Ligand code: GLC
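Shown below, as structure tokens, is a lone chain in the form predicted alone; questions about how it binds or moves come after it.
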């Protein structure tokens, strides 16, 4: 019988990307000792859940998303004892902890892969192997999302293996029931240790079409519409739910590239067919790019509003939204949708913009102080495997300056610089030599300085999170977008039987007239939250106002 509840609907999660959060032992690498030091800080934000990006042993080709052992914690993060201490510490503070589950692929250093390439049973078919076609051609024309084509030749096995991401990330063969049993063992291992759920990395990629046919439609990213939402995906997710999750009170959050609200409801509709609790969509991250962050376009507010509203309206009364504006896979939001010139104002506005929508909000480390993008002088300073491949293989006929700018706009490393804790050396992240570059603006943007400033971005986040937890309209109310045609304002209301909330966000540094819906009289409402002390008829640059009418 299912133990399932919906505790996650009343929470705000904090995402930790371990390498860059806080170094607690002085070796330059973020670790669980540093996390333990900061548990009270996370709790002080109003966050009552933590999502850890991978903590498992890994060669680190994709910063932990190439896993070599699913049932341990990497020594560089403190090992299992440190994790247990953090898990217990979080639970003592009333906080939940979810892990990253990465089972579309493993590291090529995983024991399963080593035995599979040697054709040692039962591991022979744990991965997707294919012989070369005539004249040594690849098994099909699919592209990797990180590095070239989706196939790599293995000299030991004398066959190609599939890698939809880095060459060192070999795709598992989820059609093999033994592989699915391995996944269930992993899930049970962590749930039995007290973990409260999982964020499942690109889980919609785990079922590939029979025969692995060529992609004859797309000119780029070939195969992505073929291996996404494959023929057995629902069946496998249902199996994991039935055999594991139904026996635990755990949350399952699925990363789902290119998913639409309609497609999401095939998995998250809250009835007997539900196999997932929430899905991470990418559409709200695409208002300044095309298909990937590296194909940069001017920010388009209407595109952004349409994406948020599409998910708010599409899931209303049927499924539950996961809300976010930043994570480890995208550059910093202030630099993208906001303004570095108006860093403080735009960081606050972006916070309120998504924090009062329907769903469970996630805050990414450093987002709460308005951290910005990083602009290295050389492409050689980047660590990210995807960024390096882009530089080495795309636009190589252009000047160095023109090749570097897309990396500034698109690299995941912009969100992976160490968290800026103070104005001290290395931003207070470590007493040693940091594993990665610290953003040069850490002396102006850091936690310590903002702690003591009641008007800081940090304290604005605390106010916004506190408010969303006290307002019934945020938890239960209907969402309505207003003035959809505006290219400068994002305006929406949330309304239930008791309250009506109005959120007005300016996405411009120009003066723009404040405008409320005809049925919302701001003179009779309470201004709950704003990023400016004075609020007139004209909105200031990147101003936000949150009004409340009690019925």
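Positions refer to the first chain, counted from 1. The shown structure was predicted, so the numbers you read here are calculated from the model rather than taken from an experiment.
Although it is not shown, the form predicted in complex with the ligand is what the next lines describe.
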Heavy atom to heavy atom, is residue 105 within 4.5 Å of the ligand in the predicted bound form? yes
Mark residue 202 yes when one of its heavy atoms lies within 4.5 Å of a heavy atom of the ligand in the predicted bound form, and no otherwise. yes
Considering non-hydrogen atoms and a 4.5 Å limit, does the ligand approach residue 411 in the predicted bound form? no
Is residue 416 close enough to touch the ligand in the predicted bound form, meaning at least one heavy atom pair within 4.5 Å? yes
Just give me the single entry in 277, 288, 255, 326 that has a non-hydrogen atom within 4.5 angstroms of the ligand in the predicted bound form. 255
Looking at 227, 337, 146, 391, which is the one with a non-hydrogen atom within 4.5 Å of the ligand in the predicted bound form? 146
Partner absent here, but in the predicted bound form, which of 293-301, 163-171, 439-447, 207-215 has residues with a heavy atom within 4.5 Å of the ligand? 163-171
Can you tell me which residues in 287-312 come within 4.5 angstroms of the ligand in the predicted bound form, by heavy atoms? none
